[in-house]
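Coming up, as structure tokens: structure 1 and structure 2, two forms of one and the same protein chain.
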Structure 1
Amino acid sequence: MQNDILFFAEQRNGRIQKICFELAGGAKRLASQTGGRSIAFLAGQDVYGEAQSLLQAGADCVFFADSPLLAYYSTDFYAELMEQAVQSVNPGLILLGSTTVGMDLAPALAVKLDAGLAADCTGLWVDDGFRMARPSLDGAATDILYCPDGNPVIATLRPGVLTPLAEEEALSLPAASADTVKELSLSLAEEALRTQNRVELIEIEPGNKRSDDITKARVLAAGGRGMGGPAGFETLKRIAELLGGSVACSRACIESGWADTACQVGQTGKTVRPALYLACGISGAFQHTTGMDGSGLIISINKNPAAPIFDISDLGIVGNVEVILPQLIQALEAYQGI
């Protein structure tokens, strides 16, 4: 098994994205098990300064390419350059985030490298090779994927699956040397690359932000079918406001039209690791818990004492959410002097 692990450091407007620090931390921990290195690939315009932040996040080495042609993501340019990085180090595993960019770049790179690809993974570990978990196509089970030795394995991971290095882990990293940041050059002339590029970026039109990113929230007030309807989610919104958090939900609530899809947690939603996860009226089917069982403190409210959610909860409250949540709001408002 090739021991090195290469990860894609996605940037937008010259700034490293949050998912990159998760990949850096995860790659460093995996590399400590394989005896290899954690290596970052970074492309963009005026991004050299960001290479240092990647070293501080856990990368042992950073390959970077800097050009006006790379200011905005291009499948052709980025795939060619990342292929150069792969050929330089021959990693056993290549990690990308399950973002719009990562999900576009990963298959293009897989074709170039003739490599296996596991997309939208919810788990990753080392066990006689690299193994990856991802939801089955019907969302009713979890598939475990394994790629034998040979060509590199490519995996895209959902935000929140891996975690950045903790402060004490980062402090223990050795000081970076001068040769840890290496520049990649475009293998073809820029004009040739322009003519090769099959997609031309004409304009960028920012979209409207529909809701908060629940993967970044320290507190989540999550509702399931037991919330009863849209009115129940208005109650959750108030609790989230009082706790300084965001609202999340199970798939059943999306299917019922009670909440926005950006709020969904679980196999077919997002993976979250908040400091506090308040699960209200959620039964705890594994399709949901696989996306939140890494939360710091899990408090659950459910009227069914046998609900599976209680098996992973730090505190379980048996009762009706319609009774308990208004009392919680009153207590929080009184505590805050509202």
Structure 2
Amino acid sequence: MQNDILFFAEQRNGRIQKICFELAGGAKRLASQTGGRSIAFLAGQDVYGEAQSLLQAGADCVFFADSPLLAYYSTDFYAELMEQAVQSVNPGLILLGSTTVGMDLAPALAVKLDAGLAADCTGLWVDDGFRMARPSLDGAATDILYCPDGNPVIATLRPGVLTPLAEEEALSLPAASADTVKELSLSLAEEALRTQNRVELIEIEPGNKRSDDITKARVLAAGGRGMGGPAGFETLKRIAELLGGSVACSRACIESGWADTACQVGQTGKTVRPALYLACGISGAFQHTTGMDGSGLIISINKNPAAPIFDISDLGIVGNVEVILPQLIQALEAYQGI
């Protein structure tokens, strides 16, 4: 097995996306087990400064390509350049985020490299080669994947599955021999790249504001069926506002039409790791907890003292959300002088 791990450092408007810091941390940890390096691939316009932040996040080396042609994502340009980075280092594993861009780039790269691709993974580890986990059968089972001839193996990871390196952890992992930033020559002339591009971005139309991205929230006020209906979610919105966070929910609430699908946490929803997860009227089915049990502090409110959510909670409150949450709002408003 090749030891190096290459990850795609996705940028938007020249800014590295949060998922890249998760991939950088995961790649560095895996590389410390394989004896290889964590290597970033970054493409964009005026992105040199971002290359430095990837080194600080755990990359031992950054391959970057800088051109106005790369300011916006393009499948052909990015796949072409990433293939060059792969050929320079011959990594055993290539990681991308399960983002819109990552899910477009990964299959294009897999075809170019004739490589195995494990898409939308919720787990990744080393065990005589790389192993990947991903939900299957609409979340009823988890597949464990291995690419026998996969050299390299490509995996897309859901946001929140890997975590950024903490400062002390970064110091405890083997240091790279030298921090390096290597510019990829746009091996084909820019004009040639331009003519090879089969899809051209003509215009970006601003869309409607989407729901908050719950994977980025530091605080989540999450509701389950016990919230009783849409009015319960208005209460959660107020709590999220007061705590500077977002609203999340269980699948039961999506099925009841009380919340937006983008808010669903769990096996068939999103994986989240906020500093605080306030679980209100959520029973704690494993399909839900698998998406939030890595949260920093879990506080649960449930009227059933035997609810399984209490097993993974740091603080459990047995009681009725209709009574407790208005009191919490009052206390938060008083504390904030509102």
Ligand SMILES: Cc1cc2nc3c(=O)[nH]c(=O)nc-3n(C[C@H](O)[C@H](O)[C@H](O)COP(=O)(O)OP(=O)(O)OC[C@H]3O[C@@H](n4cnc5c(N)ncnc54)[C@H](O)[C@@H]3O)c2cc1C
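In this text, the rigid core denotes the largest set of C-alpha atoms whose superposition between the two forms falls within 1.5 Å. FYI, numbering is relative to structure 1, first residue = 1. The shown structure was predicted, so the numbers you read here are calculated from the model rather than taken from an experiment.
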property: Index of the chain form predicted alone, chosen from the pair; result: 1
property: Threshold 2 Å Cα movement between the two structures for R131, core superposed; result: no
property: C-alpha of G224 moved at least 2 Å between the two structures on rigid core; result: yes
property: D46 C-alpha shift between the two structures of 2 Å or more, rigid core reference; result: no
property: Core-aligned CA shift between the two structures for E322 (Å); result: 4.5
